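Quick heads-up: it's one chain on its own, the form predicted alone, in structure tokens.
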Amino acid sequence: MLSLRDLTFSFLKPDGTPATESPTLNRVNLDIDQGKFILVCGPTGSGKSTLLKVINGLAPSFTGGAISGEVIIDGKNLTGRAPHEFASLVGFVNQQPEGSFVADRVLDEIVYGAEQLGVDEATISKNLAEITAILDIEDLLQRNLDSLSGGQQQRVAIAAALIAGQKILLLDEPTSALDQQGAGKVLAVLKKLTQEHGVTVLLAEHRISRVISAVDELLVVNGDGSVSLGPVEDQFKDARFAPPIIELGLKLGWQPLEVTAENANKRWQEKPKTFTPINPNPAAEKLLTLDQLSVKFADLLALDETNLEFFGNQITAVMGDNGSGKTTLCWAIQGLGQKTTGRVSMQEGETADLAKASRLDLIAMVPQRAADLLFLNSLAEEFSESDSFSQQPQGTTANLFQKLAGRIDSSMHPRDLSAGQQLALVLSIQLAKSAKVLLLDEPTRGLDYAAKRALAKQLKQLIEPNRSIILASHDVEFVALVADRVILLKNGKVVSDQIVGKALNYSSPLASQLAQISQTEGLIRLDQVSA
């Protein structure tokens, strides 16, 4: 179904010279059969997205760059062709499908692409009935897109990408904003499309632990221009981008590597390991109190009379399904952008009574897309603006950033930083205010495992008795790595509040991979385990 022959792709500078010393993709050769489910992975910045864009024609048509070799899809050589010439063969769903929707109603969104390709009405009707049945969205056709959950939007985007009979489906981080249940439904749909309907699926995903046991093969983009395709257990040469189950197998020398928790548990039980369960950091003084805090959007009660206390010296994770109220809670604590009832109090008093600038100095918020807070043309300008705004000595923000991300040329444009570096920059800007409460909403979205480990290290460096860190996240593995306490929300209500070892224990629906494998009381982390 898909063949790449001696494919080379390089980004170019405005003067036409290569932007990097070596090509992003260099003499790539691979063949992918019809109906295969392929996971595309590799270190952050290795070229995964570029590979997908080559396969759907966006590179070089929209990205710019130089391409050579051949891209052959279903026997047709489409190298260098415009994206519309790929469109009847290749469907694409990006990381945030809602950002590419062109209609208001589900039905109109699904059929739009086929109409633009000139597919006749009878074929569209036939394909519509088939694809909506496969994706179980027949009852959504008359709904407005903005009324759908994240998982429902993903399925609508998949339907729109396949309505014209496309034979290849490319997806970029389709589960990054979904809870465990929503991600499971999307993966089940993709598996059904490959096994029962012959669609070839290439899925780029950083949360590999969610999908590793479902795919047929692993396509690794190595970062040096090369790629490799083969069985999952054979493709991990190191642990830079490996999920915990693979990292554990590499550490313990398992051959072959296991990709399911069930099989890994059998290997663990053959030679059990001894370890000391993780203990949370002790709580310091109380920094933040929520009293009967509620948020209502029209007829929807998004947060219902919530009472919580947060303490210094701790990282608290707020978890729950899509729509449970995690992001709403964060913004309600921040006190921006929505009307609340109830009280948010700190040692300085009720935050509603404080001037806006004073509140922002006490409670810092890093939203899901950290880059939304970056608006200047260089790191140096961002550093200087942050110091001036926070009334701190010049160099304060730069020093914080260096501790989190290392030395980086201050003349760089913030948009040229990696996602992890952008997050470190926004963290530094917020921390320059000496905020006592730091809020992070889905901070690992788009980060690979190596970047997550680096972020976990950064956050742990920030723990101190007079600071409380609160993060909203679906990412169980990251929460297991960094949190002391886990608050679980459901339909805007707190349903549990536990130390991380109990919240992510093997008997919990939110069990981490290592908890599922070891099936022991408490929580373990990889640095505790030795061969």
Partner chain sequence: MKNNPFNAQNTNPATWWLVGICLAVLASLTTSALLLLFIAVGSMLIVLLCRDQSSWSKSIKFYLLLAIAVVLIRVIFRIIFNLETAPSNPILVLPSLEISLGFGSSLRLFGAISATSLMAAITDGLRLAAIILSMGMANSLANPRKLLRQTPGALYEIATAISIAINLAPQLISSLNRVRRARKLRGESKGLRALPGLVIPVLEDTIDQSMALAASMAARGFGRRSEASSLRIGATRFTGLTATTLLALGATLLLISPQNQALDLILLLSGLSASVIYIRLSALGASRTRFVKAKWRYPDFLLIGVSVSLLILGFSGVIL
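Residue numbers count along the first chain shown, from 1. In this text, all values refer to a predicted model and were calculated from it rather than measured experimentally.
There is another form of the same protein, the form predicted in complex with its partner chain; it is not shown, and what comes next is about it.
Participant: Can you check whether Q334 is within 4.5 Å of its partner chain in the model of the complex, heavy atom basis?
Facilitator: Yes, contact at 4.5 Å.
Participant: Might F311 be said to contact its partner chain in the model of the complex, defining contact as any heavy atom within 4.5 Å?
Facilitator: Answer no; every heavy atom of F311 is more than 4.5 Å from its partner chain in the model of the complex.
Participant: Please determine whether Q195 contacts its partner chain in the model of the complex, using a 4.5 Å cut-off between heavy atoms.
Facilitator: Residue-level check for Q195: no, no contact with its partner chain.
Participant: Do Q430 and its partner chain come within 4.5 Å of each other in the model of the complex, heavy atoms counted?
Facilitator: So Q430 counts as contacting its partner chain.
Participant: Using a 4.5 Å heavy atom cut-off, are F92, S100 and E115 all in contact with its partner chain in the model of the complex?
Facilitator: Yes, because F92, S100 and E115 each have a heavy atom that approaches its partner chain to within 4.5 Å in the model of the complex.
Participant: Among the candidate residues I124, A451, L459, A261, which is the single one with a non-hydrogen atom no more than 4.5 Å from its partner chain in the model of the complex?
Facilitator: Exactly one residue meets the criterion: I124.
Participant: Which residue, A405, V232, I278, V111, has a heavy atom that falls within 4.5 Å of its partner chain in the model of the complex?
Facilitator: Spelling it out, the residue with a heavy atom inside the cut-off is V111.
Participant: Name the stretch, out of 209 to 217, 413 to 421, 278 to 286, 252 to 260, where some heavy atom lies within 4.5 Å of its partner chain in the model of the complex.
Facilitator: Flagged stretch: 413 to 421.
Participant: Taking its partner chain as it sits in the model of the complex, which residues of 50 to 87 have a non-hydrogen atom within 4.5 Å of it? Please list them.
Facilitator: If the 4.5 Å heavy-atom criterion is applied to its partner chain in the model of the complex, 50 to 87 yields N56, L58, F62, P83, H84, A87.
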